[in-house]
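Below sits a lone chain in structure tokens, taken as the form predicted alone.
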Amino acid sequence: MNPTPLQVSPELEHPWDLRPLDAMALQRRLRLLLEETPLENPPQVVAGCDASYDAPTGQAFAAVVLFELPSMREMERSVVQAPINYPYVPGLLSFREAPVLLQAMARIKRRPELLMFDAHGLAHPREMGLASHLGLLLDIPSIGCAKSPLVGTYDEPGLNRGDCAPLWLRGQVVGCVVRTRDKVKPVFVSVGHKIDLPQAIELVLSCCRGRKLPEPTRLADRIVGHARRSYKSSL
């Protein structure tokens, strides 16, 4: 058990209210620090991370849910509500979502060995999606597993569970289109930080447990949705 809350590495701390052009420049600089390397050992604790918004009230909601691997037993969860402090700008999702997600992460008691996001990692215009950004800042291996693509081209994978097709951007593979259930729409898996793509795909598939989406992010999504609806009904 690690009682120390998750915190951003001091040398990587930066403001979250940057102008879009400055935010993009920061993404390009941080991209140089990302590592696409295989895990030495299988992770035993994975955190599913997701955020949601209620635009009319200007509120954001974030959830972090810890699971034990390979049993997929839920260990801990954290839910936070906070004001939205950044506009919606395509490609700058991390500047909108990371602050509230970091608040939720600071409340968990155990340090996860893997972060899984309903977002992108390297499959991003500047190869610095939310999964990469927070994985780097927290120095934890991370995966992006999104329901739709943000960039790139690909061929449709086969119809069976586990079928994959590379996601290409500027002549490089930045992710993989993965069929997690037979004959259902695929998900878009990309490396965030400190993991390689084959391992990211394997971990996503192992966490799906018969569903389209991996259980860590699926449950985090349900929790933030419930928090958002409960908040609106209380007004």
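All residue numbers are counted from 1 along the displayed sequence. Keep in mind that what you see is a predicted model, and the values were worked out from it rather than measured.
Omitted here: the form predicted in complex with the DNA. The next part is about that form.
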Next on the checklist: Taking the DNA as it sits in the model of the complex, is Leu136 near enough to touch it, meaning that at least one heavy atom pair lies within 4.5 angstroms?
Outcome noted: no
Checklist entry - Applying a 4.5 Å heavy atom distance criterion, does Tyr53 contact the DNA in the model of the complex? => result yes
Item to check | Non-hydrogen atom contact Pro99 with the DNA in the model of the complex at 4.5 angstroms | outcome: no
Checklist entry - How about Leu92: is it within 4.5 Å of the DNA in the model of the complex, going by heavy atoms? => result yes
Next on the checklist: Just to confirm the contact call: exactly one of 156 to 164, 102 to 110, 76 to 84, 117 to 125 touches the DNA in the model of the complex at a 4.5 Å heavy atom cutoff, so which is it?
Outcome noted: 117 to 125
Checklist entry - For the spot marked by Leu130, Ala146 and Pro149, is every residue within 4.5 Å of the DNA in the model of the complex through some heavy atom? => result yes
Checklist entry - Out of 200 to 235, which residues reach within 4.5 Å of the DNA in the model of the complex, heavy atoms considered? => result Arg228
